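Next up is one chain by itself, shown in structure tokens, the form predicted on its own.
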Amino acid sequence: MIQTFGHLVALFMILSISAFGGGKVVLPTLQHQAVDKFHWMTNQQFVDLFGISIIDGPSMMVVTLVGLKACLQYGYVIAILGALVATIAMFLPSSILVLIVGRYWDSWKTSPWHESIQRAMMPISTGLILAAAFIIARHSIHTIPTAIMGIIALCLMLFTKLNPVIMIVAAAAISWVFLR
């Protein structure tokens, strides 16, 4: 149990500091560590937890669910503690880093590094977000109907301002009616 807490703290502190561009950029690493390295869950369970996390809040609440799942074998009380530890380990280091760097960022505007860092972050973040999307898609699209729903959702997100919650409810209704 202590070892699992140690793994959670170490993993999420590292992910926290490396989450430039938003939390979604660390999803590939999180998936690899939770599934392949520590065997806290299967790929399908990871995708399910990610799906649950985006229904009612920010997608990075998957961190809380991974912490819960990693410690569930020790009982519910320890699982809740694991969820809390994972959440704090994910959000506290980056919050402290942003607080420190934010105080000085504007004073570095004349430095050539300032603009270089800003220009480099966008393509790196975009690539990492695409990698995360690929991992989620690879483990959640298994049939032609789910592929069609994924393509429709992508097109709606790209070309309309439709609320994603409406798409989730519609996809759930379609799945319930046609994919049981």
Partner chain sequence: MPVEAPNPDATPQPVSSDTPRVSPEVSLWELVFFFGLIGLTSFGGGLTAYIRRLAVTQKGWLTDEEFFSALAIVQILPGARVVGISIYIGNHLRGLLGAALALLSIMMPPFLLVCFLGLLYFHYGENSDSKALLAGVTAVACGLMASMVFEAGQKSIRGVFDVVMIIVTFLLVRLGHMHVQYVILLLAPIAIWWHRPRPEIKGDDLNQKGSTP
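Please read all numbers here as calculations on a predicted model, not as lab measurements. Positions refer to the first chain, counted from 1.
Heads up, the form predicted in complex with its partner chain isn't pictured, but that's what we're talking about next.
Its partner chain in the predicted bound form comes within 4.5 Å of no heavy atom belonging to Y74. None of the heavy atoms of V35 is located within 4.5 Å of its partner chain in the predicted bound form. The shortest heavy atom separation between H39 and its partner chain in the predicted bound form exceeds 4.5 Å. None of the heavy atoms of M1 is located within 4.5 Å of its partner chain in the predicted bound form. Of the residues in 140-159, those that come within 4.5 Å of its partner chain in the predicted bound form through at least one heavy atom are, in sequence order, S140, I141, T146, M149, G150, A153, L154, M157, L158.
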